[in-house]
Every structure is written in structure tokens, then in C-alpha cells.
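Structure 1 and structure 2, given next as C-alpha cells, are two forms of the same protein chain, each shown alone.
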Structure 1
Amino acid sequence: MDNHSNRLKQSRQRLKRGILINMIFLPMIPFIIVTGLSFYFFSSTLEDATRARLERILTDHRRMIESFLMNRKADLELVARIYAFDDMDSDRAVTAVYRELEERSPAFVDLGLFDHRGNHLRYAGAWALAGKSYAGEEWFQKTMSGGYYISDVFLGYRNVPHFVVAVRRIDKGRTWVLRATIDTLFFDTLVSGVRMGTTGEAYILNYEGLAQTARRSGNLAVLDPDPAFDWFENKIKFGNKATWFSPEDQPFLYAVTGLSDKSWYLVVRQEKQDAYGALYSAAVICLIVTVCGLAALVVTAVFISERIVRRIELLDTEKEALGSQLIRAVQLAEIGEMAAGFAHEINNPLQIIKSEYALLKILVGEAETADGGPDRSPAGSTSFSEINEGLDQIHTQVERCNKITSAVLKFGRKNDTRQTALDPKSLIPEILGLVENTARSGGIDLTTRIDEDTPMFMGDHSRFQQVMLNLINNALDAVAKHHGARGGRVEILAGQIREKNRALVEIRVQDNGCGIRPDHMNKIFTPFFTTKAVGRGTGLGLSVCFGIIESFGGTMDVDSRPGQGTVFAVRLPAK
């Protein structure tokens, strides 16, 4: 492979890489940006919606739990206001009040009456707690100092988790305390009633991180320390405002808030996998779409770049062929000019030969007369007769050469276009004279049939001659290609036809050659299209002929069948 081919190949490879890079990376940038922004806004929206849902559930649940505790406290305060100590200071009275409270809420487990020293005076419930002293218990001391108290969950004398609600009453200088135990299971069910997805749950911690209710998931029992409390303890905002957590190293989302009038935290949590399930599904879909989109982009870019490069290669090939044909056309034009020059130079000797022929004819006639004429000397008559025949043959061949050179000179005067009235009856035989030897040597039967009423038409002599020579030469080539030296036939027909009420001259050049392939029929008048071998045709002949006939105001049609022959029909306005 030469250096030019190597450079051309390298140039095409660079072009292919450039097209490939631009087609892949330019669309890839906005594609990735749009996909990333869409996923960012979708994830942000989903995260905000999840956070809002957790905070809403947390707030609603906090209000429900606070309402429950305040109602139980209000129940005891109502009893303490209605009844005096003396009214309550009997087992029967305490039991009766306990039954009333139990009817108001199934959360009450028992009810006890205490004096100001913490002695358990009366008790209604399942445990034998009457007579015990609670003077040192925290709940009793805070009740005496604050007027009421809701305790954390503790074990107490029962040694089972529970919490109490206690209120203080001062009546006629006497202080007493009424205390009720709240059913932990009832309260636990109340708190754990939150449902979010499959893993959402709620539970309560005290300020030391001990669970006051169990988690529905079962991995945190009452009074167990919450392992997560250490990292979110210092981040919890004071008051009832919800605090949101989404720790990266934790599998859960958290929302925490404090309860009013109670040192408890209400915690709502949900697994991230559960809360962001739609987000993870969207991420997978985005990833699949991105990968498929990029793959499709790369495949499309490779396919299109290959096609572009192949098209460029084809154009380069056509360009090279076009350049070769142009060079060939220039060569043929130069050859034509040379032929015209040769014809002009040969024409002068021919004129001299004609003059010498005339002189010899006169001299032979005089010699023949001086010798007594052909009747007096049979031998001399035979010699003079042979001389005259030779001279006539010289005259015939000179005239023939003269016609050929005249025709070549007319053909070479292309630029001298001049519209004149042309007569097919004389012009066509003149043109055939240029090619009849070629047809004869090729064994082709070249015939002519011109109707007597064939009208004249307006056109340039040399250009029409060029058209007819091109059509006839093409027919001779097609016949020779199909039949060889026997069986070929080319016929030139001329006559008058009428079309749309006007007279036309129709000239048909028909042969029984190889014909034209159907897929070439719409290309034969295209410049530089040729079916001949490289170097044997320029592809300009028929396109030039078509243009010449159009310049005469005529048309040119073709009808051909492969293996049967071709007919070119030229129609020109009659003069």
C-alpha cells in the first residue's frame, strides 16, 4: 500500500474517532445531567414526603398519649375532689371507686389510698399491698411536693414493670394521696399501634434511654436500654418539636419528640429500605435506563460513524473515478482537436492529388487521342482503359477521403454553433459514411430507411452529427458485444410523426444488441455513468446528446430489453 493510501486510511480513522467521540460524549453529557437531576429531585421529594409523614404520625401519636395520661390524672383528681378522706377510708369505698374508674378506662389496674406519711391505708386490686410504707419512694415524694405525679415504669413491690399516676389532696388540714396503677400492656398496645409500611413502629424512652414500652419488632423490651439513645440523645431538641434523624450508619429513620409534663421521649422509626423502597426501585430503574440508554447511544454512534466513513470512502472512490473520467474527457477532447488538425492537414494533399488527377486525366486523354483512339489499337486501348480505371479509383478514394476529412472538420467545429435547416435525407447518409467501414469490418448489417416525406428540422450540423455518431457507435458496440462478427444488425429509421397537432421528425436508432439492464435505465443520461470498461468510455456521450437534442427543442427516449436490443428515438420539431 502506498503512502497516499496509508495517509488516507489514517485520516479516515481519525475522522471516525472524532465522529464517534462527538456522537457519544456530546449527547451523553445532557443525558447524564438530566438523569441525575431527575433522580435528585425525585429522591429529595420522596425524602421530604417520608419525613413529613413520620413527623405527622409522631405529632398525632404524641397528642394521643398525652391525652391518655392527662385523662387518667384527671380521673384521679375528680375522685379526690368528690370524695373526702373519711369517705375513702374504707376498703369498700376504695373498691367502689376503683370499679368506677375501671369502667371509665380499662387501663386502671388497682387503686390505693395513702396518708401523708406514705402508709398504704386502703387498696383495691390484685395485689396485697395494703399496710406497706412508701414514704421513701420517689413517686410518693414527688406527689407530695408537686401535687401529682406520673412515674416512669418501674418494678416496685410487685417486681413487674408498671407505672403509676398519683394525686395529692389536702382536705381540712389533712393530706392524703390517691394512686392508681396503669396497665402496662394496655399502654404498650396504645403506643405500639402505629403502622407505617411493614417496619414502622413507635415506642417510649425515658430521659435515661430506658424503654417504657416494648417495640413491636420485639428487639427491645420494657426497661431495656435503647442502643440508639446514646447517639441521638444530644441531638434531640427540647419541647414538643419533632426531631428528624437519618443517620448514614443506621438502617432506620428516626423521628423523636418529648412529651408534655413527662420526662419521656416518643420515638417513631422505620427501616430505610422500607421507607425508601420506591426510591431504591426508581434508582434501579434509572440505572437500567441509563445503562441501556448509554449502550444504545454507543451502538448508534458506532453504526452511524461506520456508515459516514463508508459513505466518505464511496465518495472518495467516486471522486477518483470522476477525476479519471474528466482526465479521459480532456484527452478525448485533445484527440478530437488533433483529429481536426490532421484532417485539415490531410485535406491539402488531397486537393493536390485531385489536381494531379485532373491533370493526369487530361494527359491520358490526349495520349489516347494521339495514339489513334481505342478503336485503332486494341492493345493500346486496353492499357489506356486500365490507366483510366486506376485514375478513376484514385479519384473515388480521394473523394472518399475528402468526405471523411470534411466530416471530421465539421465535427471538430463544436464552438461554431449555428442553427440551420437540416435535411435528414441527406445528413443521415453522410453520417453513415463515417461508420460504414467499421460496421462492415465487424460483420454488422447497417441499414437505413428514410421516408420521402421526412421533413427538415432546425439544428446545428456538427452537433447533430455528434448525436447520431454517438448513438450509432453505441449500437455497434452493443451488437458486437452480443453477436460478435455474425448476426448483428443496426437500423436507422427516419420519418414524420404528429404529436399534439404538430409535425415532428422522428429518427430511430435500433439494434439487436445486448440491451440495457433495467437498473441502469434511469442512469444512462447521467453524466459520467458508463457500463463500458475503464478507459473505453467517459460516460458523457448520452448526457451530452440529451442536452444537444433538448437545445434543438426535441426529446430523446430509450426503450431497451436485455438480450433483445435497444431503440433510441429522437424527436425534433419539423421546420
Structure 2
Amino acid sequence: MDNHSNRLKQSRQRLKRGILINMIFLPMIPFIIVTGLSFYFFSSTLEDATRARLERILTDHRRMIESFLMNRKADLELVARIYAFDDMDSDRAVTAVYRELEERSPAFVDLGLFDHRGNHLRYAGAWALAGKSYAGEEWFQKTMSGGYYISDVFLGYRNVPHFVVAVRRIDKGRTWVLRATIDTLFFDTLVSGVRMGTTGEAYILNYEGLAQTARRSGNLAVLDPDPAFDWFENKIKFGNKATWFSPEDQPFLYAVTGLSDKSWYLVVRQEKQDAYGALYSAAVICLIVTVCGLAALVVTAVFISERIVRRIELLDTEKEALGSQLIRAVQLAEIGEMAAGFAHEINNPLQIIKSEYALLKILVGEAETADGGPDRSPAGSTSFSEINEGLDQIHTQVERCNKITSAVLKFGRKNDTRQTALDPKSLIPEILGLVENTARSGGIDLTTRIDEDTPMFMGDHSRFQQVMLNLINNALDAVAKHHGARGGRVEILAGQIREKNRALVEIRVQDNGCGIRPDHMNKIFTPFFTTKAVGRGTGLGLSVCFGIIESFGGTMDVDSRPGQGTVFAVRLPAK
């Protein structure tokens, strides 16, 4: 039994685990897939959008910067073409041209005229640079060889970061160079006008990685080397196409492009945190939703599986109870059938014994008379009376057997009784009439209380009577045993009760007798169980009653406290 319940417990645990796992993991799979997919698509869309934005900004600014530089170059070229060397070769003329240029673009800081050997002939601007020789300067050589040149930012003689635009002019066998300096501050504002989010900025690097403009964030001044340059230099593909990438170990996104006609990179960068701010908050929300969802899932699964298992347990217990009830019913029926066959067979030998007894009785009587009666021989009369006593004993015992077999046969009889509507209101007093005398003579207080609304029920009259008599007689016996001739009380109550929307008749027989011992409680409905002295009871009463009440579709319960009394409750469906 213990083993069995252990096994049951184990299988229940397994079942619970199975339900729990299924309930948690099956919904979890689509849940995680959906969350993951939406997060993936959201993040990739955001990345694409960010990339596209960076690229757009990069392209726009590249064009702007390129056109700025081209325009400045074109300005100078225009001047160089309009004016001949002689026209320019005076301080006033250069200053006048400078004013013109300044008007066209405030980016021009100064203007200088150089001869083909690099001598600074004329100068208009804030610095006193005229007369210096620039023959060895890189910009001059490049201008002389290439026709024009836009320099990187450098310090030069004036020791201030600047860059120059220079054009060469060959005019009537004379070669001369016109050079303008571009204000880096102005150029800076042009570049740093790029703004994205809070950290988005643009700057220009030359091919050595030196900053040509300062970064808006301020941590990279003009001519400082960009620490990230080494990292992305060998990754950049040149051309006009923007290259977009984000170094994994850097907190920035970079978009870099080379400028046409100029060996500069335009770099646009933004902190990832800033660019992906929406993504990070989405990730946090996603995480919170996932965690909450999973927690809710687990809690629900635990709760539901707990409920299911408890329900199954309940059903199992009910099933067990039903099973044991069924077994008891079958046992009763089998015992009944067996006992009936048994009793039937016993009746034949009893019949013979009875006949033998009758014959012996006559024979003994005759022998006694032949012997001359009791007066003649005292010894003989003693032995005759002993024989007679023995014969009477045989008769008594046969009668006793007969009583038992009759009861057994009644018990085993099939339910072919006629069921009619019975009214407890008239039936119970009628039955009580049969036992009143016994109760009165035993000094027992026998009372009835029958409610007015007690309904009728279906059953066989005589069998119901048998049940009631049995219960009442048991009660009377119990009371007599406990109280003797005084203080015994037996009460018969009848009324209507409701159970699961069904009207039931409840008939209770309660006494204040000796009660039933707890270890006898589950045996009292068993056939042949009796606590009465040998020869006083057959042990069939209650089991027969139980069978009869069941055949009426009712139930019979017992509640007993040893030493205080017993209540037998019969419940029958109302008609």
C-alpha cells in the first residue's frame, strides 16, 4: 500500500513536471521568437536608417566642401585670367583684388602674388609677408607643376594654422602665381556645421591623419593626429563612395569619404549611444517585456499545473472511493449469493436432523413408558431425562441454525421486491408500534420527531420495515447495555434535506448507548460481523440493511462516539 502510494506520488510528480515544462516552454518558443525577430528587425532597420543618415550627411557635406574649395580655386583662377601680371604687380592692385575676393567670400584672409622663382612680390592682408621666398615650399612647387594647389593646413611663417589656395598663370612668357589663404576658422564653421543628435560631428583629416579642422566636441584641435585614424586608414576604400563602419572597440560610429581633388578625408562620427539611443531604449523595453512575460508565463504555468494536478488528485481519490464502494457492493452481492447457496444446502441436513429428532423423541418417549415411567426406576429416569435434555438441545440448535439460514436466504434474495411510494410520516409510527412495548419494558425513552415537510420515497414496505426494526433494535440493545433500565434514550428523526439540488429524505436513529468501537466502525456493514454473544445475532442485520437501502438508491451513514451514542442516518432520494 505504501509502495503503491509512493508510486502514485512519483507519477503525479512526473505528470506535474510534464505539464509545467510544456506550459512554460511551448508558449516560450513563439514568445521568444516573436520578441527576438521584432527586436532584430527593429535594430537592423534602425541601423540602416542611422547608416543612411550618416551617409547622406557625409555626401551633402562632401559636396559642400568640395564646391567651397572649387569655388575658391575658381575665384583665384578668374582673377588670374582677368588680370595680367602687370595689372597685379602693385600693392594697390593686389589689395583691390583682395577686397573683391573678400566680398565674394569672407573665407579669404589674404592674397599674395609670386613670381616664378617663388618670391613673394605683392601681398594684401594682415601679415607682413611680402619679400619672403617660397621657392622651397611644397605648395609652391606643387602649384608650379600642377597649375593649382590647395594645401593642407599648416602653420607656415605666421605660425597660425591655415591653408592656401594657389593658381599658376603663364602669361606672355611670364609665369606667376596667385595665392590666397583661407581662414581655417571660417572653414571650421563650414565643416562643424554638421550636427546630428547631441554628439554627431564632422571633421577633416589629411592623408597623414592630421586634423584639418577641429572637432566640435573639442578633443581634437587642428593639426592634432586623430587616434582613430590608424584604425580605419587601411580599411577605407577610396572614391566618392562613402564608407560607413563602426569600430567594435570604439564608442563611435564613423562615416569617412575622400574628397575629390583633395587628399582629405571627410569624417562624420557620432557616439553609438547617441545614434542608437532609440535602439537601446527599445532593447531595455524588450528586455523588460520579455522578463515580465516569462515571469507571468512561469507563474501562470505553475498555478495552472498545480490546479490541474490537484484536480487529478481529487478525481483519483474519488475514483478510489468509488472503486472501493464498487468492490464492497460486489463483495456483498457475491457473499450474498454464496451464503444463499450455502444456506440452501444446509437446510437439507437440518431437515434430516429434525426428522431424526422427532423420531428419537417418540422412541425415547415409548422406551420411557415401556420402562415403567419415572417412578419405577430413579436411575433410569435420570438417564431418560438427560437423553430428553440432549434431544431438546438438538432441537434448539437446529432451530438456531434454521434462524441463521433463513436470515442468510433473506439476505441473498434478489431485488425482486415491489417498490412503491412510502410515506415516512405514517410508516415510522407504524413501525414504532412494534417496538414500543420492548422499549417501555426496558425503561427506554423512545421518541420520534418527524418534520411536516418530510417527502415520500420509493421502496419496498416490508424491507424498509426490516431496516428500521433492525436499526431501532440495535439502538435499544446499545442503550440497554450502557444504561440498564434507566436513562436510555432512543430518538427517531425524519426530515427533508437538500444535497446537490436533490431533495432527500433523511431518517436518523440516534441513541445515547454504548457506541461503536472505532476499530469496529469499518466492519459493521460487513456480513457476519457481530458484537453480540454467540447465538444472539447473526451479524447480517446491518449488512442486509445496507443492501436494502442501496437497492432503494439511498445511502446509510453511521457516526458514533464510544460511551456517548450512535447515529445511523439513512438518506433516500425523495419521490
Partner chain sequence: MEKMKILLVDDEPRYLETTKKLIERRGYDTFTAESGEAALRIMDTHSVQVVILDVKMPGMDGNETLRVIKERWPLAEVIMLTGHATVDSAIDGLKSGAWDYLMKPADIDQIIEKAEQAFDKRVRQEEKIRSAQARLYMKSPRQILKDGEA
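Here, a residue number simply tells you its place in the sequence of structure 1, counted from 1. Only a predicted model underlies this, so the values are computations on that prediction, with no experimental measurement involved. Whichever C-alpha set is largest while still superposing within 1.5 Å between the two forms counts as the rigid core.
Student: I need to confirm something. Of structure 1 and structure 2, which is the form predicted in complex with its partner chain?
Tutor: Pick structure 2 here.
Student: Aligned on the rigid core, do the two forms place the Cα of residue 512 2 Å or more apart, comparing between structures 1 and 2?
Tutor: Yes, the C-alpha position differs by at least 2 Å between structures 1 and 2.
Student: Answer yes if the Cα of residue 492 shifts by 2 angstroms or more between structures 1 and 2 on a rigid-core superposition, and no otherwise.
Tutor: Shift of 2 Å or more: yes.
Student: Residue 475: with the rigid core matched between structures 1 and 2, does its Cα shift 2 Å or more?
Tutor: After core superposition, the displacement of the residue 475 C-alpha between structures 1 and 2 reaches the 2 Å mark, so yes.
Student: For residue 322, tell me the Cα shift between structures 1 and 2 once the rigid core is superposed, in Å to one decimal.
Tutor: Spelling it out: core superposed, C-alpha of residue 322 shifted, distance 3.2 Å.
Student: Quick one: CA shift at residue 429 between structures 1 and 2, core fit, Å?
Tutor: Core-aligned C-alpha shift comes out at 13.6 Å.
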